[in-house]
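Below sits a lone chain in structure tokens, taken as the form predicted alone.
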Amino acid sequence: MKTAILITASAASLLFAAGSLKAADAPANPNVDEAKGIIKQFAGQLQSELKASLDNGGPMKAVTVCEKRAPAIAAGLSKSTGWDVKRTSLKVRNTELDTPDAWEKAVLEKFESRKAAGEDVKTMAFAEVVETANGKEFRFMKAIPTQQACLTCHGTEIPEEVATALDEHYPEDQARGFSLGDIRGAFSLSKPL
């Protein structure tokens, strides 16, 4: 049996898909808090390094930071926390590392539906306990909103030199054509229970 936790715009508003608990009755989930803390570390470190690279080398340097540092940050957090930490999207840039599995794809599609219904992307998250071949696993995803800084490499009007560099680094790149506020993708975390 799966137990899902839908995390909506109000952080206190937890709805259990497998039951009829009201938000006020929902117990706090330490796994959700831990996952959010890891995401905060990941996002903070990556944003800091991207900002520094943009300030000191422009978008071309940022392409290299995303290619090398984002996976390294995720790997480091995975090792230090015991969680599997990654980013994914319906439109991936690095198909080898970031292609969503079936569960992630379904959650990303739900995020798109929630956005279409008017929910703020910045607060979108979803958690669920799933049964795997190795036992139960806690899975958590948090949407990544497309910010202004993202548009240089992920927008609809990418400078030619940046597009060329992206083509060289990511021959199967799908992560273009985003607009401000779109769901760029999501942080995806999991750990065995």
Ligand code: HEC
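The structure presented is a predicted model; accordingly, all values stated were derived computationally and were not measured. Numbering starts at 1 and runs along the sequence shown.
Beyond the structure shown, there is the form predicted together with the named molecule, which is absent from this document and is the topic of what follows.
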| in the predicted complex, does each residue in the set I39, L108 and K122 place a non-hydrogen atom within 4.5 angstroms of the named molecule? | no
| 4.5 angstroms heavy atom contact with the named molecule in the predicted complex for P159 | no
| For D98, is any heavy atom within 4.5 Å of the named molecule in the predicted complex, or not? | yes
| query | With the partner left out of view, is G76 within 4.5 angstroms of the named molecule in the predicted complex by any non-hydrogen atom? | reply | no
| query | Hey, in the predicted complex, does C150 get a heavy atom within 4.5 angstroms of the named molecule? | reply | yes
| query | in the predicted complex, which residues of 156-182 put a heavy atom within 4.5 Å of the named molecule? | reply | L166, Y170, A175
